[in-house]
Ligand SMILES: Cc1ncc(COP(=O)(O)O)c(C=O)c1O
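Let's start with one chain on its own, the form predicted alone, as structure tokens.
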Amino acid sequence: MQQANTPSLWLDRDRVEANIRRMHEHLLGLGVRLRPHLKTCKSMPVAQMMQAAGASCFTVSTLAEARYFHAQGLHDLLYAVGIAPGKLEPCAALMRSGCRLTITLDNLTAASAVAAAARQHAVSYRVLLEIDCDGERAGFAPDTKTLIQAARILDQAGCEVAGVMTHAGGSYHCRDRDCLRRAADNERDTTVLAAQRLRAHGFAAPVVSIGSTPTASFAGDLTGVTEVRPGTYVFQDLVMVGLGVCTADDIAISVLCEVIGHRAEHGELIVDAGWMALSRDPGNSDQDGQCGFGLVCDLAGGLLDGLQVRHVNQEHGVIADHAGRAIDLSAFPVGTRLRILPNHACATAAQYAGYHVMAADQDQNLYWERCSGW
């Protein structure tokens, strides 16, 4: 790590394994299958660790991810972003290549576009209808007539109405465990209701798919749910720490950076990791205000009490004490290497082509590539 380029992205394999195992065991105990979301890791070696824990189907957020993971041997994929009509032909090509691809949609216009493309390309799209469980994102209301109308449009075109899915984005606004448990219950109840309505109108709708790391972590009863799609859990981040999902010791990725200067009059450090390296995601700044754009660790990964990335420019980060105390700059001469824990694992990892991988039983660091693009 002392010789690596900065900024660079580092992954603690032991923490990844522990995070994967913890979520798998939790959901296995609730009687549902895990369909991990690969948008956080975007890397086949990490997906293989998920497979080793028992995962056999996966979620993606881009067609680039779908193509990458399909080429690597993962064939049961849910594309969990509302389908854009311009992507239906590429989806058909993936299906013809042997990928068991499921797409999602949440409005009648999209349903009509899928139906038209099914006829044009002579394919039967497998579709989940997205449900709005908390008003945070897109989706059909579970009791709306348009849910049934969309299912009929798809069915008449020979498409498979596989069921329903949702994402409880509102869970990220919770500030205590009771709120997260209520969010998990609501996520379950809303999607189960939507599936029941489809079944009452003659659609089998075997799949009830829910997601989000916070609700997956705090769910206590998933009766009626068939699969869960968390993604951030694989790495964890400071948002998850703020929500009580994990501790900082569970965060598996960090950004290696180097001190390149001091703001002596302010008692602050300047490092070579700005928003291009860390992302500009404010993360949990509305939770406690103590994380800034990331928390600061020493090279061994130990948190440096009170230090945060207070401000970011494109290639510069300013490290300050969150309580406003001057940092002892003599303890951090120019050239000192530090690690930054990310606010949002997905956004930070997206800045890099791959991971430098470290583990307790590993003599040399490995490098695992990530896929990118859409």
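Owing to the predicted nature of the structure, the values given are computational and were not obtained by experimental measurement. Just count from 1 along the sequence shown to find any residue number.
Beyond what is shown, the protein has a form predicted in complex with this ligand; the following relates to that form.
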item	value
Of 75, 137, 262, 197, the one that lies within 4.5 Å of this ligand in the predicted complex (heavy atoms)	137
Listed residue (283, 242, 230, 274) with a non-hydrogen atom within 4.5 angstroms of this ligand in the predicted complex	230
Heavy atom contact within 4.5 Å of this ligand in the predicted complex, the stretch among 113-121, 146-154, 207-215, 266-274	207-215
Contact flag, residue 203 vs this ligand in the predicted complex, heavy atom cut 4.5 Å	no
Interface membership of residue 167, this ligand in the predicted complex, 4.5 Å heavy atom rule	yes
This ligand contact at residue 80 in the predicted complex, heavy atom, 4.5 Å	yes
Contact test in the predicted complex: residue 310 vs this ligand, heavy atoms, 4.5 Å	no
Residues within 4.5 Å of this ligand in the predicted complex, restricted to 29-47 and counted by heavy atom	37, 39
